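Here's a solo chain for you in structure tokens, the form predicted on its own.
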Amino acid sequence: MSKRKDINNLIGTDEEEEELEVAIPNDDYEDLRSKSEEFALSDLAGVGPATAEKLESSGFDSLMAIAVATPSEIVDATGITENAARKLIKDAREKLDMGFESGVDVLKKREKVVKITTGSSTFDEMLGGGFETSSITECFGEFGSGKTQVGHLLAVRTQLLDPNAITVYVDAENTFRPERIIEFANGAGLNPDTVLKNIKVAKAYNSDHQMLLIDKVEELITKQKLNIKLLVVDSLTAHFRAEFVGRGSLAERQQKLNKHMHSLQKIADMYNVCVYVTNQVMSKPDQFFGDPTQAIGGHIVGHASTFRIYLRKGRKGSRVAKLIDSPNLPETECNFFVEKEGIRDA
């Protein structure tokens, strides 16, 4: 069971009130897991047999699981007070020696980040070499803009990095087509059968099911030891948009979507996975000048995404990709064509 944090958001503003959560970079994960295995739950202050049993039954079966949890999650699992839960988490973090690190250490860890290329030199250049692991990249645009095509392409080209790399494809709009994977695999010079075997597809039938599938991804990595390098969610907001209708349900929708985004962030950070999500759009009726297209999800999705790309249709069948948000790259755009065996520069 994956542990996710609760965040209360002020809808329509940039203000956020967050509970403390620790994200573990992929490079440190194995080391922390080894330290975690040196201790039993009973080694934590105030944890007796009954509390340990409750923690294990709720999925908190190691010190690391407790260290990255929030107090509310521990309270829900055990029934102890919030102060006791905070002490429990603090004790777990101290035993695992989870603290600050220097910028030099962070720079060294960034060397472990790899880029998944698209086959388009201008697209890759816009992203600084390709789609990054340890990050969430959101592509939004109207239907037919190429969002799903990019998802299929990345699922194939991930295996250029590692023939044993696994892609998890969460299909929320019935858009996954193995026939398209075969075409892209032939274009990349890969064995289509091998590529298809290395893609794990799951259809999400509602928002709760979609969130549950993301929880299962962590189990695939930790328990089944799958070498997952790419997680595709197509689309991120389709079910949320259908199930929560009207302004009265907006706060609940955003809260639930926020939990979902932080689960994706946790997978990207902890296991060095490239998370690619597609997003639907709406048209702002009060905008009389410029492009009225706006992504669904508001500030919640915008803040949680590391890179944001706006896809739209261009001239003569081309597509335009515009990088509108990035922590280290300038805002720019490129043109490309989607063809049978891949994408190429316009």
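Because the structure is a prediction, the values reported are computed rather than measured. Residue numbers run from 1 along the displayed sequence.
Another form exists, predicted together with a small molecule; not displayed. Remarks below refer to it.
Residues with any non-hydrogen atom within 4.5 angstroms of the small molecule in the predicted bound form fall in just one of 179 to 187, 108 to 116, 130 to 138, 203 to 211: 179 to 187. Although the partner is absent here, residue 147 sits close enough that one of its heavy atoms falls within 4.5 Å of the small molecule in the predicted bound form. In the predicted bound form, no heavy atom of residue 329 sits within 4.5 Å of the small molecule. In the predicted bound form, none of the heavy atoms of residue 324 sits within 4.5 Å of a heavy atom of the small molecule. Not displayed here, the small molecule is kept clear of residue 219 by more than 4.5 Å at the level of heavy atoms in the predicted bound form. With the partner removed from view, the residue among 76, 173, 243, 125 that has a non-hydrogen atom within 4.5 Å of the small molecule in the predicted bound form turns out to be 173. Put simply, of 142, 215, 162, 101 only one has a heavy atom within 4.5 Å of the small molecule in the predicted bound form, and it is 142.
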